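Quick heads-up: the structure tokens below are two forms of one chain, split into structure 1 and structure 2.
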Structure 1
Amino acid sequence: MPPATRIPAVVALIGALLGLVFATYSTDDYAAHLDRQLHDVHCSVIPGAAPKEEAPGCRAALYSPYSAVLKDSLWGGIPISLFAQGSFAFFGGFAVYLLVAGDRASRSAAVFYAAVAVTPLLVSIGMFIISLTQLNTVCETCVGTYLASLLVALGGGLGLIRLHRRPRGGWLLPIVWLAALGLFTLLPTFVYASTAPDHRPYLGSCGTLKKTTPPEGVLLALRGSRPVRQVLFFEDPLCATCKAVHLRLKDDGVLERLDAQMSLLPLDNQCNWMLDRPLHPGACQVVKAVLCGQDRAKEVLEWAYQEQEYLLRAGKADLDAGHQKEAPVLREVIRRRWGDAIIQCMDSQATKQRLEKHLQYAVDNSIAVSTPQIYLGNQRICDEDTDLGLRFTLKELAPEVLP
């Protein structure tokens, strides 16, 4: 058999092996976080690249509602990368069969492989659209999986070119192969679900508020349209994790069921005297803008989350220029969006005093200088339960807030 006839199987095999590598990286990252700690994550289109601590795109994908299924039943749910692992393993094995068999492989085998090999690509297209439209970022490891899916589909399609040279085959075997694909795809999820640890004993074990009654009229009121449970947030509008939690709660319809208050905790030493350096340069200015939003405070907050990367760059530009206190770049961004009146309000003594009361409220409750922090009533949700295990935690501690 001429070597050229092996090319489709080789292309498919390379794609399946790459897909298996990237899916394994994603699953490994997900499983590592089951110990309720923060770990580095794989975030590269290059196989073998070292994990990274700073990987906003990959962390956004990891913590998103789309990274797993059955999140109500298991802490963190079952990562969808497990399905990819199983399916890529099947596609790799079948590609080896086609490579070895060559033209002796039946037409039904080639047609079956071409038909099912396109499914990872369809899923990848769907996830890519979700990344762009819902997460507003792209995970590099996911891009590796997308490219691998393209190669598998391409290999399957190329296998149809010399279809006339293959012997005819029956259609009983394709049914068996389809069952095998289902088994390969689902078996890892059953193993994962059966070995996942029980996180219920840890829920609600992270303390309570010391001072449950906030100063009258100081904190932000974010009351939903159908509130059934009180909650308190400590957040920084320039905190990426705060943004992720806010978007998850909004997408899941939870925010509308919360009678929420927010204590703003900017991680910026320009106004936060608990810090000696700015973790989020410009956060003090953005927090003041939110406070000055008055009845539109929620709108300003969500604008800050939506434009977070842009605002961070503006704050960093002011810091690098030595103008962090005046913040001309960042303030101009805020002024263009919300007008001169909000700038005047940000500079007022009343706003400075109100922000000071937010910080003092955090001190009175011995709040760690980190965000986000969430309290259901006066019970604190553990930090690790605000990302992968958020939906499971809400189902256990406050099922009434879930639609």
Structure 2
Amino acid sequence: MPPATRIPAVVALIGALLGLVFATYSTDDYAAHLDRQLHDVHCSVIPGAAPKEEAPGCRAALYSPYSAVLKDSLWGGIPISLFAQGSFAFFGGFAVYLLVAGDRASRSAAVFYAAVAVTPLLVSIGMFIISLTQLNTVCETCVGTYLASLLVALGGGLGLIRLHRRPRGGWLLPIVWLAALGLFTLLPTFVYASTAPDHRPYLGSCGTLKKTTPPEGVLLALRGSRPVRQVLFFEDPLCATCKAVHLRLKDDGVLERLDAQMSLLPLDNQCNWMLDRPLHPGACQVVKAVLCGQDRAKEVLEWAYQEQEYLLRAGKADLDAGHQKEAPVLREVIRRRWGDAIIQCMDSQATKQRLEKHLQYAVDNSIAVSTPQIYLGNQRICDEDTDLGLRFTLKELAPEVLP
């Protein structure tokens, strides 16, 4: 038998093994976070690369709503990488069969493999589009999986060459193989779900507000279109996690069902006396802009989230130039977008007073100087439950806010 006839199976096998490795990395990273702690994540197209802390693209994918299914039923949901693991294991095993059988593998086996081997590629294309359009970033481990899917599909496709030289084979076996593929794809999810810990005892164990009634008319009102539950946020518009939580709630349709108030807590020592250095330089200016937005405050806030990196760079430029207080660069960015009136408002004594009352509200409640913090009524949602487990937590503590 000429070695060339085995090349498609070799390509498919390499692809399946690579896919299995990358999918296992993704599952491991996801599962590690079930302990409610932060962990380094695998984030490389090179198999064997060590996990790392700084992995913005991979973390964005990990925390995105597209990383798992059934998030209402299980804390964190069922990671989709489990389906990939199961299917790559099947494709790897089948590739071994094709490799050993060579030309003696039946025509129906080759056609079946070519047909199903394209499915990981189709899913990969879909996920890649989501990455680009929804997450605005690409996760390196996912790219590894995409490339592996391409190899599997390629191997399957190449196996159709010289199909006429193969023996015919029956059509019963492909049905059995298809059922096996389904079983392989689902089996990991059963193992995962049956081993996953119960997070319910941990929900709502992160304290309550001491002073439940905020000073009247001070906090930012963010009432959704169909509010069913009161919520209080402590947020900083220049905090990346705040942006992520905000977008998560918005994407899930939860934000529209909240009667939310926001206490602004800029992590910038220019106005926040609780800090000795600026964690988010320029946050005080941006927060004042939000407060001055008045009936467009929500719009200004969402603009700040959208332009967060740009605003942070502007704030950093002012800090580096020794102009943290005057913030000429950042204020010019704000002025260009929102006009001179907002700058005048930002400089007013009334705005300064209002911001101070926001900070004072944090003091009155002795909260941690960190953002974001979410309170359902007066019950705090634990930080650990604001990312992977957010939907599950809301389902348990406030099911009415889920659409």
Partner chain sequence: MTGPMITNGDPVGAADEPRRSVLLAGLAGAGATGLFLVVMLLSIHSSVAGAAERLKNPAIKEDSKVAIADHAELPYCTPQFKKVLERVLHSCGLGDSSGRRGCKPTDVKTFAEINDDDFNALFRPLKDRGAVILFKTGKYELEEGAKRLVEDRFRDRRGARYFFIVARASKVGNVDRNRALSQQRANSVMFHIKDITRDDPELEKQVGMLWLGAEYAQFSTEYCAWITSSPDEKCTEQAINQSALVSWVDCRL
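For clarity, a rigid core is taken as the largest C-alpha set superposing within 1.5 Å between two forms. Start at 1 and count along the sequence of structure 1; that gives the residue numbers used here. A quick note: this is a predicted structure, and the numbers were derived from the prediction, not measured.
The chain appears twice here, and it is structure 2 that represents the form predicted together with its partner chain.
If you fit the rigid core between the two structures, you'll see the Cα of G339 move by 2 angstroms or more. With the core superposed, T351 shows a C-alpha displacement of at least 2 Å between the two structures. Fitting the two forms on the rigid core leaves the C-alpha of G315 displaced by at least 2 angstroms between the two structures.
Per-residue C-alpha deviation between the two structures, core superposed: Q324, 4.5 Å.
Per-residue C-alpha deviation between the two structures, core superposed: R277, 3.6 Å.
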